[in-house]
Every structure is written in structure tokens, then in C-alpha cells.
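Just the one chain here, laid out as C-alpha cells, in the form predicted on its own.
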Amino acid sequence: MNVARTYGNVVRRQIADKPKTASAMIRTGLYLESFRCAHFAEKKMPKAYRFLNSKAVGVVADALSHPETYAWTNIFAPTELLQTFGLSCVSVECLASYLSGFWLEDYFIDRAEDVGISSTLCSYHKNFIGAVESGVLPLPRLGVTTSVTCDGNIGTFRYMEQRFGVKNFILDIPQNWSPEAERYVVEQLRSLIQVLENATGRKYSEDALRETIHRENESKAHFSSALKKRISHSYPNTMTLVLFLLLATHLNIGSQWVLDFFRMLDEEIGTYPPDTGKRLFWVHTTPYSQPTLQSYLNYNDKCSIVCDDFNLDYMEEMDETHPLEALARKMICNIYNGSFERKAQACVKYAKEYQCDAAVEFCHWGCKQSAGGAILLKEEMRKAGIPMLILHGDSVDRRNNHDGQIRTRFEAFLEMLNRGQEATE
């Protein structure tokens, strides 16, 4: 029996008439999952990932239980700054993924389309909008997003402000770094600070932000060290755990629990045996519920995801003595900002640095930047001698995936890798 699906069906029956009951059941389910991961996780799951899994679910459950202390953001938002005001950051994509974990995405996506949202919008955003429209997701203190890469975010945040009165703050990020560009973003951050002070009643503390960035630098140093060890050691994971890692590298980066996790990860990887399987560099979202990819990538020592572009989108050490400037630089120089060549070059660099045998990009439905740049990335990978497979599907909506096509193409790609041939489209 699929426990999550069965529980989700019980929740589903409450949504239309008792959305608050459904919301409470979702929070309860998240707390139970957090407890299960902490105490009864799969034996194959490494200790550090058990900790990450439990915390990643628990912090979202806490945020939904105390909506006065949480904010909607995207993953590129300056979450370090929001943390210093006591706010928990939860992204649209994170909430959509968790709802999909309860097998409820079809209900909410249909609800969004019923109220007039375009069917071509990213299914993460439709899932999120449908859940808010249904009254299942509580409204936050405010929303903070950026202009970086995703063309759906700004529209979704503006819709939430017009439809439900959720105040939002949009950071306009220039495509390239320059002293003028950095000052432009810093001025916006100063404006955001005023908004946060008014929203929370707290005063900005530069010392608190410096401490947060200090912990972020420590966390990234341990992450880099762990990835270097991963070159020669195996380390079991799943597509879901790659997604959960985003809560550590983005939404909660700079927190103490994230630093504890990366220390644990750094210590543990070197204790695992040599990696003898095929090593993949993953690009874009991981479709954690896709059956074929689950069977080939979850806890498989013959083929695994070593690292991915989202979790490595900005790995530079930040200047904690000038915290606002450091946050501005981080957003401007993110590999997902600016021209696609920046991201393509970074992906090739990481794939080579961490000795990946191949790259796989999953072009998620509705994400125009991903589908539009995939061929450019594949060409850069080809020049570097790294085989690359492009898959198309939906990371959220199970109805919009075609398992037969994905199975055929992925198995053929693995077969070519095992034969030492260069994969072609």
C-alpha cells in the first residue's frame, strides 16, 4: 500500500468543504513524515540525509503551522536577510512538491485552470495557485521574489497580491555584475529591509546578517569538501533527496541546522566505499515521482546523481564584512542569472570537476528557460566530451509524464554509456 497516496486521498475528500481540515491534515502528515525520517528512515539512507530529510519536512510543517512567521519566496531570494527577521522561507516550488507528495497535484492544478490560469503555466505554479485558491495553504506574512530566470514567479506573486492581498517585494536583478549593478541591488535590499521592519516589527541587525553569512560560508566549505570526497566515494541518494538539498543550499542557508547538516555530510561521505557506477550531472529539476527514473536512480550503486546545477548555482565565498553587497553579488552572479552561456559553462565545469560520466537535463513542463537552453547546453557538453541526454516531462503532474518514452530513451542512453559510446539524441 502506498501510505502517502492513501493519506492523500483522505485529505482530498476534505478539500472542497473543509479546507482548513485538509490543511491541518497536511501539516500533520508532514510532522509524521519528519518523525519517520528521523527515527525509521530507509536503512539505505545515509545518516546525513536522514537528518536533512527530517529537517526539510519539519521546517515546512512549522512554517505552515505558524503562517505569521513565514514568507513565500523563490530559491534565488535573499533568504539570509529574511532569516534575521525571524521569517521562514518557503518557495512556491517547494510547496508544490510537498503537495505532490500527497498525490494532490491533479486536484490543485485543475482548480488553478478552472479559475482561469493558463494550462501552459509551469505546473509547480499551477499546483501552488490551486492550493491557495482552495484555502488549503495559509497566507504568509509577505512574499519576496526576484527577476532571476523564472518567468512564472513574478506573475504568480503579483497574482497572489491582487487576488489575496499578500504583499510582495520583487527584486530586479541586473544580468551582469558591475559596481553600478551591485549598488542598484543594494539599494533595493535597503528598501526591502524597511518593508521587513514594518512587517515584523523587528529592527534590522547587520551583525545578525554577518553571522548568518558566516555560517553560510562554513556550510559551503563543507559542501565543497564533501563533493571532492564524492569523486572517489559512493553515497546513496534519491531524486527526492536532491530536491531536499535545495532547502539546505537555498531556503535555509545560513541557519545552524544547515551548517550541522553539511558538517555531517562532509564527515560521512569518506566512510563509504569507492564509486564504481555511472556518475551523472543533473540539470534542472529532478522528477522524483517518475517511475523509470526512480528505478534507475534511487539508491542505485550502478548509476547515481553526483551533483546538480541548482544546488551549485553560487558557490563563491561571501564577504561577511559587507553583507548587503555580498547578497547583491550572489544574486547577480548566480549561474541562473544573465545569459544562458554562464549556466552552460558552469555546468560543464562542475561535470568535469566532479568527474561525471554524463549529464542529463530534465526539461520540466512550462519552464521556458530550461527547454530553450537545452540544446545550447548539450553543445557545450559535446565540446567537453561529456555525453548528455535531454528528457522532457513534468516534475509535478503525474498525468503529464510519458513513462514509455522516458524509459526507452533513458535505457538507451545508459546502454551507450556502458558501451563507452557517445550518446546522441
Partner chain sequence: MIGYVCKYTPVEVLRAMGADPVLMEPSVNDFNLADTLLYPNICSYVKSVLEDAAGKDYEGFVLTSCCDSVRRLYDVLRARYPKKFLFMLDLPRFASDAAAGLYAGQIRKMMEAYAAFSGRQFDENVLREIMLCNSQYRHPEYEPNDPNVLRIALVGNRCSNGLRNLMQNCGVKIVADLTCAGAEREFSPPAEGEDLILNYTKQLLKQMPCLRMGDISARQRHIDEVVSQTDGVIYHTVKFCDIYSYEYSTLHRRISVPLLKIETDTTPQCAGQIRTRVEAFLESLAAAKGIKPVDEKQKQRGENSVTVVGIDSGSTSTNAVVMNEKKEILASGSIRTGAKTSVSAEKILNDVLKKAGIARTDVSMIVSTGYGRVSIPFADKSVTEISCHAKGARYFCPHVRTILDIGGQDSKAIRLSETGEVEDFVMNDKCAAGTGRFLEAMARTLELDISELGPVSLKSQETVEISSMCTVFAESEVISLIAQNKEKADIAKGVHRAIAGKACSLLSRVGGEPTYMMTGGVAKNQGVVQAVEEKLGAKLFLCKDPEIVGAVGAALFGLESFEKA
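Numbering follows the first chain given and starts at 1. On a predicted model such as this, the values are computed, not experimentally measured, just so you know.
From this point on, the text means the form predicted in complex with the partner chain, which you will not see here.
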property	result
Answer range among 284-292, 305-313, 322-330, 145-153 for contact with the partner chain, defined in the predicted bound form as heavy atoms within 4.5 Å	145-153
Non-hydrogen atom within 4.5 angstroms of the partner chain in the predicted bound form for each of Asp172, Ser339 and His392	yes
The unique member of Asp114, Glu353, Glu218, Glu267 whose heavy atoms fall within 4.5 Å of the partner chain in the predicted bound form	Asp114
Among the candidates Ala38, Ala384, Leu32, Ile375, the residue which, in the predicted bound form, approaches the partner chain to within 4.5 Å (heavy atoms)	Ile375
Proximity of Arg399 to the partner chain in the predicted bound form, heavy atoms at 4.5 Å	yes
Contact test in the predicted bound form: Lys368 vs the partner chain, heavy atoms, 4.5 Å	yes
Partner proximity in the predicted bound form: Thr120 to the partner chain, non-hydrogen atom cutoff 4.5 Å	yes
Contact label in the predicted bound form: Ser205 to the partner chain, heavy atom within 4.5 Å	no
Neighbours of the partner chain in the predicted bound form among 161-188 [non-hydrogen atom within 4.5 angstroms]	Gln162, Arg163, Ile170, Asp172, Pro174, Gln175, Asn176, Glu180, Ala181, Tyr184, Gln188
